[in-house]
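As a starting point, one isolated chain is supplied in structure tokens, in the form predicted on its own.
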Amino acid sequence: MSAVISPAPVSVRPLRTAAVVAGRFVLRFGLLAVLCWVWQRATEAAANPYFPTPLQILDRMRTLWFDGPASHLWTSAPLWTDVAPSLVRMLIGWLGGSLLGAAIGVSAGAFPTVRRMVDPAAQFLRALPTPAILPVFLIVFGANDVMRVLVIAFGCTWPVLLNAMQATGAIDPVARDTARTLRLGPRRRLVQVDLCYATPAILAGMRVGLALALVLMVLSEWVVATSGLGFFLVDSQRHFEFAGMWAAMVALGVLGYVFNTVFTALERRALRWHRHSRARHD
């Protein structure tokens, strides 16, 4: 008598997980895919040289920056002259401006005397449009990378500074009294109380500054530049190389999305303690 072997039970958990992941992917990128399809069909129908199709733009991006050998991870030399210098300037300027804004903002929020000194100048300078300041930077520092980094840093300082100053100035007096009761010195109070309370606001200002840094990077490279994505964009437009111009614009959009996504993930991880603290108090 032969034994009847029943089929192994199929676990539905992996299928359910895959369905959830696919649903989230469609929800996140579905509208973008539809817009790209409409863009493709519209540009194909128009057949206008000023408006290449998305597939032509992607092919131009490939031939420009990702047509190298496998030993170079398929990157080509123009990637290091068009994109890499821009990213280096942007990240240095953004980080420098953010650190400066955080240091001044926390100090001004923690000490009323410093706040009275800093606030009028900060409100005046942050109201100035950075493009209007660009000629001054150009005259003082010349048309070089230092000028471009400083322009980006100047624009990225204010969101962080004002957020940090506002958050530090609004700290619960009980927290400051507790720090005094524990006999924490001014330096430890500044770091363990003021900076700790201001961290969520500082990171929010840095996220705003990241988008500003991308704009200022392009703007600074429009002026007497010989490299960078902003220079490549304008140069392509001047030479009627419209596929290259659109490739630069798409690359800027992709970089902005990637930077924002990475920063948001790091911010969420860094502020885990803050969410837990708020949940306990709620």
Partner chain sequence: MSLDVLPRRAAARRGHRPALSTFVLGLSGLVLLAAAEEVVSRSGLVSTQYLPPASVILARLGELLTNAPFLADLGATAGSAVLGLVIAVPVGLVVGLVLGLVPAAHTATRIVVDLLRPVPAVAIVPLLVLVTGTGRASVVITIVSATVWPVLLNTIHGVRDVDGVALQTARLYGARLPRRLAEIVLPSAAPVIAAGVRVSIGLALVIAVAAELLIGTDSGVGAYLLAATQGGSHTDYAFAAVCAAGLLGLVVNWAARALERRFLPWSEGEPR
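Here the rigid core means the biggest group of C-alpha atoms that line up within 1.5 Å when the two forms are laid on top of each other. Quick caveat: nothing in here was measured; it's all calculated off a predicted structure. Positions refer to the first chain, counted from 1.
One more form of this protein, predicted in complex with its partner chain, exists but is not displayed; see below.
Engineer: Here the chain is shown alone; which of 38, 55, 45, 27 has a heavy atom within 4.5 Å of its partner chain in the predicted complex?
Structural biologist: Residue within 4.5 Å of the partner: 27.
Engineer: Its partner chain in the predicted complex: within 4.5 Å of a heavy atom of each of 133, 170 and 252?
Structural biologist: Yes, the whole trio is in contact, each within 4.5 Å by some heavy atom.
Engineer: Would you classify residue 237 as touching its partner chain in the predicted complex, given a 4.5 Å non-hydrogen atom cut-off?
Structural biologist: Output for residue 237 is yes: heavy atoms within 4.5 Å of its partner chain.
Engineer: Examine residue 61 and determine whether its closest non-hydrogen atom to its partner chain in the predicted complex is within 4.5 angstroms.
Structural biologist: No, no contact at 4.5 Å.
Engineer: Quick one: is residue 232 in contact with its partner chain in the predicted complex, heavy atoms, 4.5 Å cut-off?
Structural biologist: No, no contact at 4.5 Å.
Engineer: Within a 4.5 Å heavy atom cut-off, is residue 81 in contact with its partner chain in the predicted complex?
Structural biologist: The answer is no: residue 81 has no heavy atom within 4.5 Å of its partner chain.
Engineer: Check each residue of 202 to 240 against its partner chain in the predicted complex and list those with a heavy atom within 4.5 Å, in sequence order.
Structural biologist: 204, 207, 208, 211, 212, 214, 215, 218, 219, 222, 233, 237 sit within 4.5 Å of the partner.
Engineer: Checking residue 214 here: with the core superposed, does its CA move 2 Å or more between the shown form and the other one?
Structural biologist: Stays below the 2 Å threshold, so no.
Engineer: Please determine whether the C-alpha atom of residue 229 is displaced by 2 Å or more between the shown form and the other one following superposition on the rigid core.
Structural biologist: Comparing the forms between the shown form and the other one, which are aligned on their rigid core, residue 229 does not shift its C-alpha by 2 Å or more.
Engineer: Does residue 254 shift between the shown form and the other one by 2 angstroms or more at the C-alpha, the core having been superposed?
Structural biologist: For residue 254, whose C-alpha is compared between the shown form and the other one after core superposition, the shift is less than 2 Å.
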